[in-house]
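One chain comes next, on its own, written as C-alpha cells: the form predicted on its own.
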C-alpha cells in the first residue's frame, strides 16, 4: 500500500478492488464503533459496482459481529428513480449484499423512494435526514462514495443543476445524458460529513482521478468529485493501482 497526502485528502493506493474492500471494511468498522460509543453511527451507502465487495465483506460473520448494528442508521447518498426491486436500484444492491444479512433494525434503514415523483421524493428524504440526523447541515458519521469515468459522484453529474444547490440537502437532479432524474445528496450534505470515503477502481477512471487532485484545476462543475471536501471532516480516497496510475506518477 502506498499512502499519500494530496490537497488535504488521504489517498491510499492498494493493489486491487479486493484490497480496497478489505481496507474499507476495517475503516467502516472502526468509525462505526467510535461513533456508536458517542451514541449513534449514521452511514450513507453508495451504489455502483465497486462497493458490492465491501458490502459482502461487512456481511460476513467475522466482520458483522464487530459492527454495532443496533446503533446504526443507514441512508443512501443517491438513488435511481426506479422501484426498490429494480435491478438498477442502489437500495436493492445494498439490501442483497449487506442489509438482508446483518441484524440492522428495519426501522433504521432509510431508503430513497425512487418510485415516487422525484421532487417529492427528494423533499421527503431531506425530511428523513433532518428527523434522524439533525436540522441544518446533517452531519453523518460516514458517507461512502464512488466516482464515474466522467468524474461524477453520488448522482452529481458534470454541469448539472444540483451542483449549484446550496439550499437543499437532497435534490432531484435531472441528468441530460441519461434523460432522467436521479435523487442525490447535495454537496451541502456531503461536505458536512464527519468522514467521506471514496472507493475507486479501474484504469478507465485514472484520467478523472488524476484531475481530481490537480491543485490548479478550476472548480467549475466539470468534475463533481473534486468538489467533495468536508469542511470539518476527513476525506479518504481508497484507490487501486490501475485507477491511480497517473496519480502515483505525479506525487
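Numbering follows the first chain given and starts at 1. The model shown is predicted, which means the values in this text are computed figures rather than measured ones.
The form predicted together with a small molecule exists for this protein as well; it is not shown, and the discussion that follows is about that form.
Screening 67-75, 150-158, 169-177, 116-124 for residues having heavy atoms within 4.5 Å of the small molecule in the predicted bound form returns a single hit, 150-158. Proximity of residue 221 to the small molecule in the predicted bound form falls outside the 4.5 Å heavy atom cutoff.
Contact annotation: residue 50 falls within 4.5 Å of the small molecule in the predicted bound form, judged by heavy atom distances. Interface membership of residue 189, defined by any non-hydrogen atom within 4.5 Å of the small molecule in the predicted bound form, is ruled out.
Residue contact with the small molecule in the predicted bound form: residue 42 places no heavy atom within 4.5 Å of it.
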